[in-house]
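The form predicted on its own is given below as one chain in structure tokens.
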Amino acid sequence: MLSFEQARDWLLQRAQPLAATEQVELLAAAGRVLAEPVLATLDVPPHDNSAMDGYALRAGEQTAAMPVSQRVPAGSVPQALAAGSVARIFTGAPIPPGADAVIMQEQAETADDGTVSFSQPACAGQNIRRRGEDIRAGQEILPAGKVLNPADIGLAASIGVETLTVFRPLRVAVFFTGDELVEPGRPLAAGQIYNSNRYWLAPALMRLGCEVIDLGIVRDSLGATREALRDAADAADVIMTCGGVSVGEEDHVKAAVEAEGSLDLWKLAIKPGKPLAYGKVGQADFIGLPGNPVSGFVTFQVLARAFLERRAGLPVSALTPEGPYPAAFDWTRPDARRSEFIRVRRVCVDGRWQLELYPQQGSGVLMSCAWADGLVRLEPGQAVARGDMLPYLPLVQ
């Protein structure tokens, strides 16, 4: 069986980042991956300006009572400061030529004759934001490959950028095989189950920024599965399924992928999540996750997610554990041959973090994934006694 590390490295070696780009307006750029660096074409701020409402003056000319020679709101162009005078100025307004300080209005008092006196002496440079102190023209402010957050977009707007060049979203086609599957909202007949895999996989892909092409449920036949694969390969960069890659007579995905392209089928030395398939259909990558809900969910979290991140141009999740934290449980029957990813939740008891275990760890118990906020990876044969210190891997939900 293939180890977890071997499978992850093998997948990442085959994950070719997207090259296709598109231009998007700033308000549509959040969460997208920047394809080209953004360089500033101007200084920010573009001129020396006041950091607050107050009075601009020459610090060396401050006297007990000073006349106001002009009023400078933000967006205006001030005149040179008259000798011995102050300028009433507002936050963000340009500093008048000749002024070298701003005294805040809370330290100023206006007399009946219109002159202004101050409770504190001015120091040259105080309360002035200098030209270019935030950004210099020619400076790279956003590097290629960055996942754009709201602050990044505001930064781009501050230099007047209207659109950004980003990688287009990774297109992922999904379908689900099984005559026993029924969509929620419809009554179940004997032998049928609801298609839960669709409802965790599609949102997980959307959270990665993927464009999901949902082909729904495909009936259990080789012809229908091959047709679904061809449709998916025409529309998507990656095709994903849950189940159908085993060797049973009704597991048609394996045969269909082999007929339409190529397939590598592995038995992984992890639990849950033993079967995993990778292949190609046309130009599209194919990933076949296990059909059991927990197996599929865990395999997506620790293996498929990294592949999709690299394909989409995103930073690859490092799977760096936190902690360690003490176990609040015993694990007395470890698997001797496989690494186990057990579902846990981190809780604070008497001011100390510890890890609780969901009591049912079966591969069909999806409640364990909804309840948990993290995983613990146990090595083959590793038992756990209450109080043992364990590394904790947060789930990305």
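In this text, residue numbers run from 1 along the sequence as written. Computed from a prediction, not measured in an experiment: that's the story for all the values here.
Just so it is clear, the following notes concern the form predicted in complex with a further copy of the same chain, a form of the same protein that is not shown.
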Practice item. Report the residue, out of Arg219, Arg71, Arg130, Arg230, that has at least one non-hydrogen atom within 4.5 angstroms of a further copy of the same chain in the model of the complex. Key: Arg71
Review point. Out of Leu357, Met66, Ala35, Leu366, which one falls within 4.5 Å of a further copy of the same chain in the model of the complex, going by heavy atoms?
Key: Leu366
Practice item. Would you check whether a further copy of the same chain, in the model of the complex, lies within 4.5 angstroms of a non-hydrogen atom from each of Ala19, Phe341 and Leu393? Key: no
Exercise for review: Could you tell me which of 133-141, 282-290, 79-87, 109-117 sits within 4.5 Å of a further copy of the same chain in the model of the complex, going by non-hydrogen atoms?
Suggested key: 133-141
Exercise for review: Classify Pro326 as contacting or not contacting a further copy of the same chain in the model of the complex by the rule of any non-hydrogen atom within 4.5 angstroms, answering yes or no.
Suggested key: no
Check your understanding: Any of the heavy atoms of Leu42 lying within 4.5 Å of a further copy of the same chain in the model of the complex?
Key -> yes
Check your understanding: Should Asp264 be classed as touching a further copy of the same chain in the model of the complex when contacts are defined as heavy atoms within 4.5 Å?
Key -> no
Point to revise | in the model of the complex, Leu27 touching a further copy of the same chain (heavy atom, 4.5 Å) | key: yes
Review point. Relative to a further copy of the same chain in the model of the complex, which residues of 202-233 have a heavy atom no more than 4.5 Å away?
Key: Ala202, Pro203, Ala204, Met206, Arg207, Asp214
